[in-house]
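Quick heads-up: it's one chain on its own, the form predicted alone, in structure tokens.
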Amino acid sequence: MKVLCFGSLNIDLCYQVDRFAAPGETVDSRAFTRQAGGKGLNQTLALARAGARVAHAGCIGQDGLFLRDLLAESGADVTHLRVVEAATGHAVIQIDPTGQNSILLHGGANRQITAAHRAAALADCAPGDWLLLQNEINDVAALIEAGHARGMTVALNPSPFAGTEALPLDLVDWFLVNEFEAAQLAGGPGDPADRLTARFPAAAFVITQGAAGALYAKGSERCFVPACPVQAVDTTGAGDTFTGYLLAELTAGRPVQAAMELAAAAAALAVTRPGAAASIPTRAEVEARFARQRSAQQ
């Protein structure tokens, strides 16, 4: 079983700040780094480092060739990663002393997906394979429809949330959302998980809640895993790490509870390190951390 991540690739411009800049305010940064990022790239890296069979489709400019090299070196198939006549997408990221972040995105090459590109990437997939999407590229609606028609399991991380309601959401099999995206998608008062499962009775939801843990919901079924207590350095990419490890375990046939526990351990390791792609741990590192966690609980 293969995962095709059709998603974004960004150059992250990261600034360490004492506090996020408010409207009309200029603040000094304590440090600056240029790193690999983008939700699509991060999630593909997490899948690859978790040991999954994963391919990445998307677009970069000439300035982003190092992103392609990073994916290939991690074991991802980059056959359908195209170089186009546009600047690679980038993100301006502020990171405060607690590790929280504020992100400004520019789509760039991520918005250059064509129908021919979409068709070529999906032609290499079989019924039962997974299609993982975010909301940082163009053509997401067409990708959902095409993946569903091909018999793939469609997983959507609707981030950023703007425009999500216009997508063919009834064709999505798995929603991977944080607590804010869950509340927006649920709409109205009441428990988001209950509202979401009522609205999409055939879909599964995984709702990450930061330090409060993560919740799985499908129909009347619920599964919760707590977050691993750590000292956060940078939360950028933690949700993407969780998503990649979760899908790697699910596509390997692991139970949801076990998959979420390992994903939580991976995300906990990621937040103890600076950067997005650079913070994503290997499977060996996660299993060692997971073993220590299990031992401490016994």
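Numbering starts at 1 and follows the sequence shown. Only a predicted model underlies this, so the values are computations on that prediction, with no experimental measurement involved.
From this point on, the text means the form predicted together with alpha-D-ribofuranose, which you will not see here.
Using a 4.5 angstroms cut-off on non-hydrogen atoms, would residue 136 count as touching alpha-D-ribofuranose in the model of the complex?
Heavy-atom contact with alpha-D-ribofuranose at 4.5 Å: present for residue 136.
Using heavy atoms and a 4.5 Å limit, would one call residue 42 a contact residue for alpha-D-ribofuranose in the model of the complex?
Looking in the model of the complex, residue contacts with alpha-D-ribofuranose include residue 42, since a heavy atom lies within 4.5 Å.
Examine residue 223 and determine whether its closest non-hydrogen atom to alpha-D-ribofuranose in the model of the complex is within 4.5 angstroms.
Contact check for residue 223: no, nothing within 4.5 Å of alpha-D-ribofuranose in the model of the complex.
Indicate whether residue 91 is a 4.5 Å heavy atom neighbour of alpha-D-ribofuranose in the model of the complex.
Yes, residue 91 is a contact residue.
Contact stretch among 63-71, 255-263, 45-53, 234-242 - heavy atom within 4.5 Å of alpha-D-ribofuranose in the model of the complex
After filtering at 4.5 Å, what remains is 234-242.
Taking 4.5 Å between heavy atoms as the contact cutoff, choose which of 78, 83, 103, 227 touches alpha-D-ribofuranose in the model of the complex.
None of the others qualify; the residue that does is 103.
Going by alpha-D-ribofuranose in the model of the complex, which residues of 271-287 come within 4.5 Å of it through any heavy atom?
Stretch hits: a single one, 276.
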